[in-house]
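First, one chain by itself in structure tokens, the form predicted on its own.
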């Protein structure tokens, strides 16, 4: 077995008493001394600080960079002006995600593609194969030279402003990006994240400067957050996890991209894109998904199952693989599920836990349907909902109960 990689902040995690685990080929903190619940709640009410340096950061430049990205990714890179970012996917010809990713354009002549840690090597190989048609593109792996931190939560902007020494934060809209100096060091900053928070940033400093930035953010009041709370936060936000709600699952099943609700933000059929990998399959998926959304199941066979959110209405935790039933008939299974903490409304410090799940179920299921999830020999009632979290009124994301 190959030794695990460590981020530039590894020693700091250990000094903070973090429980370290293997994740995607990396040794990462799953939680700190306070625990997952405390870290989740601190993010929702204050500012959570995450080390996400395990993610892959790929620089893409050259005279054919845009043409290459238009062919290789599902979103419209031509719509990405400097100072903007977009959610996108690497697809295969069948319209299945090789990976989901974020594409940033901090500079006029360069793009930065952030991919999942466990997929970085496969993504690089996939992109290298596609790049053979584009001799004017240059792909470089910047993962070692740039660190990556996420600062998420309602207090994150005020905290970050206190540390700016030159330049400004990205404008106040989702996916805005900018480069500024923090503590005298140039840092790429974007209003992106994986928590569902309406206010949040991802920061990419030089790797050698990451430790000082991490220390100062904590000194200013940020709470270190591990992978455990990162997962409960993304589940509460209804965000997909590769290998669970996207791509190839552990059982070998592949999920069509349009089976995931976020596909509508990640896939573009704009004329400026031209042909791209997976386009034909994705067009058929979108057509079938649109029909099913309108109650027309004539193309159900093309999109037999889709990802939904299930709010469980009884005590019990639905884990990955738990069977889901609709009208007493098997309908699918849970892809992610756990107990998620939330602040009780109209209280100062009281909180509670609620069981939430993502599931891959029969695509004829509709919002509001009541399903059953089998947990330890009994069936728990669960309702298909549009979302678990209300992020429409910043600065806070509020639980929908």
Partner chain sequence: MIPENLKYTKSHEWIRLDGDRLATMGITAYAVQQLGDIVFLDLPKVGAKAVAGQTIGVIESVKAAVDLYAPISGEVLEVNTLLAENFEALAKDPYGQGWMAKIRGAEEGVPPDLLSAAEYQKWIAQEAKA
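Because the structure is predicted, anything quoted here is derived from the model rather than measured. Numbering follows the first chain given and starts at 1.
Beyond what is shown, the protein has a form predicted in complex with the partner chain; the following relates to that form.
Enquirer: Suppose contact means a heavy atom within 4.5 Å; in the predicted bound form, does that hold for all of 36, 232 and 353 with the partner chain?
Expert: Contact check passed for all of 36, 232 and 353.
Enquirer: Looking at the partner-bound form in the predicted bound form, is residue 19 within 4.5 Å of the partner chain by any heavy atom?
Expert: Yes, residue 19 sits close enough to the partner chain in the predicted bound form that at least one of its heavy atoms falls within 4.5 Å.
Enquirer: According to a 4.5 angstroms non-hydrogen atom cut-off, is residue 319 in contact with the partner chain in the predicted bound form?
Expert: Residue-level check for residue 319: yes, a contact with the partner chain.
Enquirer: Please check if residue 338 has a heavy atom lying within 4.5 Å of any heavy atom of the partner chain in the predicted bound form.
Expert: Residue 338 belongs to the contact set for the partner chain.
Enquirer: Even though the partner chain is not shown here, does residue 30 get within 4.5 Å of it in the predicted bound form, heavy atoms only?
Expert: Close contact exists here: in the predicted bound form, residue 30 approaches the partner chain to within 4.5 Å, heavy atoms only.
Enquirer: Exactly one stretch in 43-51, 372-380, 59-67, 358-366 has heavy atoms within 4.5 Å of the partner chain in the predicted bound form; which is it?
Expert: Every other range fails; the passing one is 372-380.
Enquirer: Using a 4.5 Å heavy atom cut-off, which residue among 173, 129, 315, 161 comes into contact with the partner chain in the predicted bound form?
Expert: Flagged contact: 315.
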